[in-house]
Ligand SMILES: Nc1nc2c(ncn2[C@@H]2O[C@H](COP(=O)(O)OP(=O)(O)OP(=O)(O)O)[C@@H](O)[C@H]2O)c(=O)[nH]1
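Consider the single chain below, provided in structure tokens and representing the form predicted on its own.
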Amino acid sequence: MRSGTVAVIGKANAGKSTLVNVLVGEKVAIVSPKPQTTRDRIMGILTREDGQIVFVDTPGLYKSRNALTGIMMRTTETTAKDVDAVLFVHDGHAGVREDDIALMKKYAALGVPMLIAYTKTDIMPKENIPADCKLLFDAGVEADVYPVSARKGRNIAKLADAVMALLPEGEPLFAGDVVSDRSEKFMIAELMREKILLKYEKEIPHGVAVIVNTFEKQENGAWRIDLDIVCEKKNHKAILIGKQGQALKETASFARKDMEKFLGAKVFLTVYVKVKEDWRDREKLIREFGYDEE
């Protein structure tokens, strides 16, 4: 039996979280088409008869613009140095640039085995795949490349087999029925943030934190959830709420349905919007909101 940890690393919006969800077979990380969707290090655990893979989904590689993104980038760097293997996720649809090659070489040089998941092959010309693979080989990227489509499920099983083969022999790190190291309360906050990312445009969703104040299961089996959406500016609050509160009602309803699916029970959700000016550059608030470095 094999068992170990695998850092899932790549540029922002390369499809890391989507790929981890498909590999694990459960939604363990939120997804959206916007960069910086993943802020935390989240484990997704795949347990099979031949072993266990602990995928460590990391924030996308992104140029730091504030204290929060600085923490996110350091989390990714730290994770990559403390695992058994690296799965570098590359957006094949975006092509291959010199900075992509430089990043791949950087992580291949860490001294742990590395594979490249070349994603989004379902939305790109097929003839680009062998050309890009040759480009990586000629550039000296020493890692096997697996073209995959998480959305279509293409080559996902082959990729999982290849990752498993890289891991050392050992007993499982988690019980067989565990799919994530994160709590239900954490996922509730993330589901709310996911819907904000999908609903709102420009900078607003990136400047939002979600704080769960009440997470209680009632005697009748339903859940009572009260949470705060924290934004950075008063005009952002107005946009989040919308005219006569309509935007917030729609977003909360959207989130509540996913929460009920996730928890398997009725959810009574109360949402408030608060303003904390420029919280992403205020270390005390960053820690308070749960984004401090581990």
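Residue positions are given as counts along the sequence shown, with the first one as 1. Computed from a prediction, not measured in an experiment: that's the story for all the values here.
There is another form of the same protein, the form predicted in complex with the named molecule; it is not shown, and what comes next is about it.
Residue 12 belongs to the set of residues with a heavy atom inside 4.5 Å of the named molecule in the model of the complex. Contact annotation for residue 123: at least one heavy atom lies within 4.5 Å of the named molecule in the model of the complex. The named molecule is not drawn, but in the model of the complex it has no heavy atom within 4.5 Å of residue 261. The closest heavy atom approach of residue 69 to the named molecule in the model of the complex falls outside 4.5 Å. Residues placing heavy atoms within 4.5 Å of the named molecule in the model of the complex fall in a single listed stretch, namely 28-36, out of 48-56, 261-269, 28-36, 225-233. 150 is the sole member of 104, 86, 150, 117 with a non-hydrogen atom within 4.5 Å of the named molecule in the model of the complex.
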